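There is one chain below, alone, in C-alpha cells, taken in the form predicted alone.
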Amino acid sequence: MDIDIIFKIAGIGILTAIINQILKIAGKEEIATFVTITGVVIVLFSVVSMISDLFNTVKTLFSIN
C-alpha cells in the first residue's frame, strides 16, 4: 500500500475541516454541512476503490472465478 493514499485522505480531511470552519464562521452552516458530506463521499469512493482492488487481488491469488 502506498503512503500517498494516506496523505491524500488526510489532505481531503484537512481541507474539508478548514472550509467547514470558514463557512460556519460566515454563518453558512448548511453549506458547511454539504462540504463535509462531500468530503466524506470523496474519501469513501477512494476507499471503496481500494477495497475492490483488494478483493480482485484475493480472487486472483486463490484462482476463484
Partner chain sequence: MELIKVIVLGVVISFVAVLLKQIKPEYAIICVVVGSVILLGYILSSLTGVFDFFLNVVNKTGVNESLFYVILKIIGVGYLIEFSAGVCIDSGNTSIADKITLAGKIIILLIGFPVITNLFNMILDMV
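Nothing here was measured: the structure is a model prediction, and the numbers come from that model. Positions refer to the first chain, counted from 1.
Here the subject shifts to the form predicted in complex with its partner chain, a form of this protein not shown in this document.
A residue is said to contact a partner when one of its heavy atoms sits within 4.5 Å of a partner heavy atom; residue 43 meets this definition for its partner chain in the predicted complex. The closest non-hydrogen atom of residue 50 lies within 4.5 Å of its partner chain in the predicted complex.
Residue contact check for residue 9: one or more of its heavy atoms lie within 4.5 Å of its partner chain in the predicted complex.
Remark: residue 14 counts among the residues lining its partner chain in the predicted complex, judged by a heavy atom distance of 4.5 Å or less.
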